[in-house]
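Two forms of the same protein chain are encoded below as structure tokens; each is given separately, as structure 1 and structure 2.
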Structure 1
């Protein structure tokens, strides 16, 4: 049995930061488990969502920011809807993912690569160009995927080979640039 010394790894400022960024009171969670029971991704999580909440209360920064669960959460908001204490659990998961990202963790690499490819496309064209997103993902992950779907979508006339940039393309690009500047400051 591994014995964890939680007092060693307790980081109160981390819990405070999550509370502030998400606007949620973490101490309200009394571990009823409703969020975990309703979460459709529990089968794939390494840490069920109620345990993420517990680890947060205990200020376990490393455990929380490196777990796969925060990357697998699809923001379906079942947890938020069913929490008897009105905690917006999904918003907390979102904030954790954002922190985990900023600190360079990505235990689910392909998910991060997909998100990045998607946002690159938005930044470049103002709207998502589906084929471009796929090609970027393939280049990033060095992995071919969904080859069976290509012909299917093409046959239905749904596969567009060219992006249609919007007029305000540069405005959108600037949203991303200003966001990045804010991070670099």
Structure 2
């Protein structure tokens, strides 16, 4: 059992920053555990959602931003729909992932590599170009599993060999630029 010295790792401003960025009132969480009970990925988390929320309330920045749970969250919003106080817990998990990225933490390297590949495709084409995303992910991760799914998916017309940009792709680029400006401030 790990004993934490909460005074050593306490960051008073962390919870406020997460509350501001997520638009959620973290103090409303009274640890009922409904979020954890409903989460389909609790079995894989190193910290259940309710403990992420508690550590967040206690200003445990390093514990929260380095935990694998925030990267494994599928954003299915089960936690959000089960919260009796209307806290958008999935939004908080998303904000924590963004903060973790900005501060250089990436405990789940392959998830970050996939997310980077996905976002590169959206930025370039305005939508996901599946084949390009797969190739970028394989190049980054050097992971060659599931290649047998490519031909099956292509045969069903679900995998296109040419990227098709959306109308208004420039607007998507502007969204990425505004996000980047927010990071630079």
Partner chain sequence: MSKDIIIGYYPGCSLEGTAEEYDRSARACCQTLGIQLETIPDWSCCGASPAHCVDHVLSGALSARNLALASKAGMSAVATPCPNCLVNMRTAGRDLEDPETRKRINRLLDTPCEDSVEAISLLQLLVEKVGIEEITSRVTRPLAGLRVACYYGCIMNRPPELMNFDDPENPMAMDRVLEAAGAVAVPFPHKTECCGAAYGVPRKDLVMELSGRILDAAHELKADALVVACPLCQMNLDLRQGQVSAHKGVEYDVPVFYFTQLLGLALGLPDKDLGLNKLAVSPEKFLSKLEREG
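So that the term is clear: the rigid core is the largest set of C-alpha atoms that superpose within 1.5 Å between two forms. Positions refer to the first chain, counted from 1. Remember, predicted model here, so these are calculated numbers, not experimental data.
Only structure 2 of the pair represents the form predicted alone.
Relative to the superposed core, residue 68 shifts its CA atom by less than 2 Å between structures 1 and 2. Superposition of the core reveals a Cα shift of less than 2 Å for residue 18 between structures 1 and 2.
Relative to the superposed rigid core, residue 144 undergoes a CA displacement smaller than 2 Å between structures 1 and 2. For residue 171, the Cα deviation between structures 1 and 2 after core superposition amounts to 5.0 Å. When the core is overlaid, the C-alpha of residue 155 ends up 3.3 Å from its other position between structures 1 and 2.
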